[in-house]
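Read the single chain below, which is given as structure tokens and is the form predicted on its own.
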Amino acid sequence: MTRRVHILIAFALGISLAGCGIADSDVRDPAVLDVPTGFEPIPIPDHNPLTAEKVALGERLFFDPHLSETGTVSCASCHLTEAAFADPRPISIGVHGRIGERNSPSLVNIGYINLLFWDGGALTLEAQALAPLEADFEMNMNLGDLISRIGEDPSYAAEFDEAFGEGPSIQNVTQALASFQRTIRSGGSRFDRFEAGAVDALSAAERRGMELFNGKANCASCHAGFLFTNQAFENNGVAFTYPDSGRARITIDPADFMEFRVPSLRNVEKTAPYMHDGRFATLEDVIEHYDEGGSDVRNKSALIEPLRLTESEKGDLVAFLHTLTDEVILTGLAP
């Protein structure tokens, strides 16, 4: 097991690695590991039970650019550890410099998310992995070639045999990737310490921002619970950019026009730029959008209306959002 995986599992336990000397025996059954205080158990599908061997293999695959056609783009290319496993570019870039369609969102706590992608087009993490592997503007990898390439590496063959009792297959690749991603968990922010009783963890401005978040600004109507998302799809009033109609691309239902998955706000300070197309560079830009009541776009949610925040209130709200940052997951996971 690598240090990166140890850190991820430490977060599942809600502990720090400093001086704890985690050993392999501590993670022999990741499926029953505790999660940070206040978090629900992470759902693990029956068809893909979590094991340390799968997690280690999935981690290697996640950071391996050889999973792409050109051997230059990995999953981690668009999900940077220092950006809370998000992409700091407005639109992600794949092989041959091809520009994608959307910004790649954070993968932190992704194991809890019910429907994947901005439009909910994938039902499971296992299914989700296929899209970036095959998309011509992402990794553009022929799946048969992928298995052949991996199969030529004796070390991969050994790791697949250890994790699955057989050689590499597309099913095993996607299950390993999904297993690793389920361990990317974060619950060690200053907000969490405040919720646990450390009243001095937040400043006065940050506490005022929290009151605004739950009150006048009404952020909590969508960004609720321990993940800071209700996992719904909402039209939040961003101007339509052809041809991306959001959830309606999947459901073919006009009622879903320009609805996108409500993202988690954990580590939001580090996941700029914002929205499905990275149109807002800063949190201040995002708050200004909501303060103005969004754009006059068809099907806009009734929740989006002018907030009339003062400049001081806007600053307090940004200050609170910064308290959702978990610094250890950002610095301890760098490859």
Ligand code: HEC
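The first residue of the shown sequence is 1; numbering continues from there. Quantities reported herein were computed from a predicted structural model and do not represent experimental measurements.
Just so you know, the form predicted together with this ligand exists too; it's not on screen, but the next bit is about it.
- This ligand is not shown here, but in the predicted complex it comes within 4.5 Å of a heavy atom of F260.
- The shortest heavy atom separation between T81 and this ligand in the predicted complex exceeds 4.5 Å.
- Under a 4.5 angstroms non-hydrogen atom cutoff, this ligand in the predicted complex lacks F39 among its neighbouring residues.
- When this ligand is considered in the predicted complex, L307 lines it closely, a heavy atom lying within 4.5 Å.
- Only one of 185 to 193, 98 to 106, 199 to 207, 154 to 162 lies within 4.5 Å of this ligand in the predicted complex by heavy atoms, and it is 98 to 106.
- Only one of the listed residues (T251, Q231, S74, S245) places a non-hydrogen atom within 4.5 angstroms of this ligand in the predicted complex, and that residue is S74.
- Contacts between stretch 197 to 233 and this ligand, counted in the predicted complex as any heavy atom lying within 4.5 Å, involve F213, A217, N218, C219, S221, C222, H223, listed in sequence order.
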